[in-house]
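Just the one chain here, the form predicted alone, laid out as structure tokens.
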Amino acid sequence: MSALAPYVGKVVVVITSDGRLFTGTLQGYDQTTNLILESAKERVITPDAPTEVLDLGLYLLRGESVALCGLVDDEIDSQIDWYKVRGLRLGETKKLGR
């Protein structure tokens, strides 16, 4: 059983290797960690402007770009005024050779 199996049908947050932040309902995944998100949104957080939330609808994230996938706590997330959130862009991750 994959570690992602319990997340199917639940709202997740995904951080990609290039520092982008996505949320949506995990509808499926495969052995290479390609993720299918329904009602996906990208949150673009910058230091000088309100957080921009882009509605993406049904969205496929390539497994090679997924750095982190975790459950969203709906109660906490609904209390955050994302319009007021500011921050520096996350840096890119680095892949180490074997």
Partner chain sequence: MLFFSFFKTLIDEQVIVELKNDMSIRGTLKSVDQFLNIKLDNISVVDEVKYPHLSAVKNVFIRGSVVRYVHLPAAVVDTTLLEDATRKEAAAQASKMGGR
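Just so it is clear, the model here is predicted, and its values are computed rather than measured. Positions refer to the first chain, counted from 1.
Note that the form predicted in complex with its partner chain isn't included here; everything after this is about it.
Query - Residue (of L58, A49, L54, L71) lying close to its partner chain in the model of the complex, criterion heavy atoms within 4.5 Å - result: Looking at L58, A49, L54, L71 one by one, just L71 meets the 4.5 Å heavy-atom criterion.
Query - Close approach of Q27 to its partner chain in the model of the complex, 4.5 Å, heavy atom - result: Q27: no contact with its partner chain in the model of the complex.
Requested in this report: Answer for S39 alone: is it within 4.5 Å of its partner chain in the model of the complex, judged on heavy atom distances?
Outcome: Outside the cut-off, so no.
Query raised in the report: Even though its partner chain is not shown here, does D77 get within 4.5 Å of it in the model of the complex, heavy atoms only?
Result: Yes.
**Report entry** Touches its partner chain in the model of the complex: K10 (any heavy atom, 4.5 Å)
**Finding:** Although its partner chain is absent here, K10 would stay clear of it in the model of the complex, with no heavy atoms inside 4.5 Å.
Report task. Let me know which residues along 22-47 have a heavy atom within 4.5 Å of its partner chain in the model of the complex, or say none if there are none. Result -> Counting only heavy atoms within 4.5 Å of its partner chain in the model of the complex, the contacting residues of 22-47 are Q31, T32, T33, I45.
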